[in-house]
Ligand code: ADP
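Quick heads-up: it's one chain on its own, the form predicted on its own, in structure tokens.
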Amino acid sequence: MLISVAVPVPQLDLLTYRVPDGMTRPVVGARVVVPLGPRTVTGIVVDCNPVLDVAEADVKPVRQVLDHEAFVPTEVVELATWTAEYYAAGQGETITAVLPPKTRGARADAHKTVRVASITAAGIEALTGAASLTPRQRDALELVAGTAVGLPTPTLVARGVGADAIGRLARRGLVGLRLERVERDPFLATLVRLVSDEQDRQLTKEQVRALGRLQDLAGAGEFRVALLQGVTGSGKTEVYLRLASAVQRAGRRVLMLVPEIALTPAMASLFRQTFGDRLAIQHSGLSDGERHDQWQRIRRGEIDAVVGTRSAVFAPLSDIGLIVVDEEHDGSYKQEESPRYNGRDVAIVRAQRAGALVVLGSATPSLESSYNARAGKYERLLLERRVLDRPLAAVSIVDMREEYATVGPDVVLSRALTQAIAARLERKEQSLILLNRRGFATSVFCRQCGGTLECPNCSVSLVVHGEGSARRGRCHYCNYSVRVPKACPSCAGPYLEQSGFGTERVEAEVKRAHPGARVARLDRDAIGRRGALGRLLSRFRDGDIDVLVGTQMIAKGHDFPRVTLVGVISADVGLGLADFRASERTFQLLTQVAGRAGRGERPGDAIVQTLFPDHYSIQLACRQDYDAFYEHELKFRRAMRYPPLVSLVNFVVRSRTFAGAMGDAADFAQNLRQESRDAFRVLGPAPAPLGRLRGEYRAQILIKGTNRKRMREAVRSVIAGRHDLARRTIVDVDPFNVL
């Protein structure tokens, strides 16, 4: 018997192995241990009895079959196979990527166990008889005897019974010890406290209409896609919850996707109120053991709903009736390493195969989703008013050119924003301050020679983190780090200066301007410790923090009723990027963060600081005018032939030398043009905007067209002709950015 196996090796497609006579015959989705060169690896069976022109005797045998039934459900294997094909990735790295940690090796039993002590008949007799027991032994036996199922030994130790004492009681036969499997509970560190407001849970007329239509679509049991476009604070999450509850009552299951880990605590807490213990969470912020246990519970059918980030789209959840993709526009759904899939688009394919409803939710939908909705591919449902008719935040723009002319070039907080924060502190209200850039300063330069402190591996300046003697320059791409020197590395001049600023500097400026304020920061650097995110969000929700400074992690999805002010620092920070989505991302970020203000009983304000106050993305975001932005941006995309009018593949070739990267890319471009036969356009090669990354130079080719299949086939064909370059080539189908 021959089988096709996916093994965890980048760019490698399915391999064929022989199942020896007498060995258990595996099924699709089972794990098998197979030889791969000098190594032994664990793979997933993708096909049994493939039709191949090869003699079985010439095929390497399987070493071991780990599962008698499918470990990965067949539908998940098929979804991963589609993902590998569509995104031009290796079958092996895609299918094995759907597995949680601790399930990818031959020793894959990662369940946690604990010893449990229970009293024996001899122990009961010792308590009631005249057996010689020390006071501590008698106390220990009484503790164990107090429960019919026994006590875990860690519980006994916590109550003052030493491990040695437990061992002595066991050796005397007075207690019995057994191993029991326990499941690690991720909710202890994940959930946040929620403010219950029954008044807010009364549906508006728009919510009632949207929910009714979505329930009809879900009840039909057929594949449909709906775009739920609602202004910030219009109650999209409440619609999700009630729709999910209806789907559960109908006997089907729910998958709830959020774009990033920062949004999982609040969403998981809300869904836990509805689904109780029948809820699981899946994201990379969990420990390996927690992810393993949650994945196994889903696989065993003990779960009715899953909340997670993009990888949760591959959760082994059966009989899915509803998939919700919240903040569907968000770039975090796009994976930036192979397999480079978009969780939103894979979710649509999974729903299609399951005959389920997909709800794409956003206040600022992606141009692709809006384009599909207006073309009739998706059903568009609108929520145009906030809950309780609360007004949208009043937005004002501060022209920082005028601020610099009046106050000076080093100003971070404008006078208007400083005064607004002070007013909120006076009224015991909260403020959110956004800057989508981490660190204290964005670069270090020398006033004597003009040199900058740069990463030796990447073509970027090092970002300064920390202050004083703790200052370090760090690369946000390769994580190279070095202490900021006192003299210039190039000319030895002592005139090093910092320029630009990030969230650390903003936090420091807020504290300096408002010494009595309770200020905290929410970015990737601030929440590295386990549970830090949930604790910080709970503190802010409880009112223990006055001003929260953060990156885009604070800009979407959160509901903080006490926030009445949002300040945006450097609103134009993303407009200078060499990326066709720069204006769209700016509009979405500003609209989303302004929507965090005024969600409670008091109205909100947003203050936007920018050097480009007349740019259409900033102007229309301040007016919260999505339709006008869509029409304006679509004209640009149509003129320049960018998505959603055409499809795009970003093709990047890496090399240790610039000439090598450009030369190899030129060969690829020539072969792609020969393959195109006028079915698509090939642009380049050219140096990539991020020309050097992690020690390698990068050359870029862009492929534009309307026939995705032909484009992918051409890419696969030219790569197959240069196997020596496969490991140095990045293929990004439907890229979210082209840097």
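What you see is a predicted model, and the numbers here were worked out from it, not measured in a lab. In case it trips you up, residue 1 is the first one in the sequence shown, and so on.
Keep in mind that the form predicted together with the ligand is missing from the display, and what follows is about it.
At a distance threshold of 4.5 angstroms between non-hydrogen atoms, residue 236 is in contact with the ligand in the predicted complex. At the 4.5 Å threshold, heavy atoms of residue 599 reach the ligand in the predicted complex. Taking the partner from elsewhere, residue 656 is found to have every heavy atom lying beyond 4.5 Å of the ligand in the predicted complex.
A residue is said to contact a partner when one of its heavy atoms sits within 4.5 Å of a partner heavy atom; residue 202 meets this definition for the ligand in the predicted complex.
Out of the listed residues 282, 232, 370, 624, 232 is the one that sits within 4.5 Å of the ligand in the predicted complex by at least one heavy atom. The contact with the ligand in the predicted complex, taken as any heavy atom within 4.5 Å, belongs to 387 out of 575, 496, 387, 666. Of the candidate stretches 400-408, 203-211, 657-665, 503-511, only 203-211 has residues with heavy atoms within 4.5 Å of the ligand in the predicted complex.
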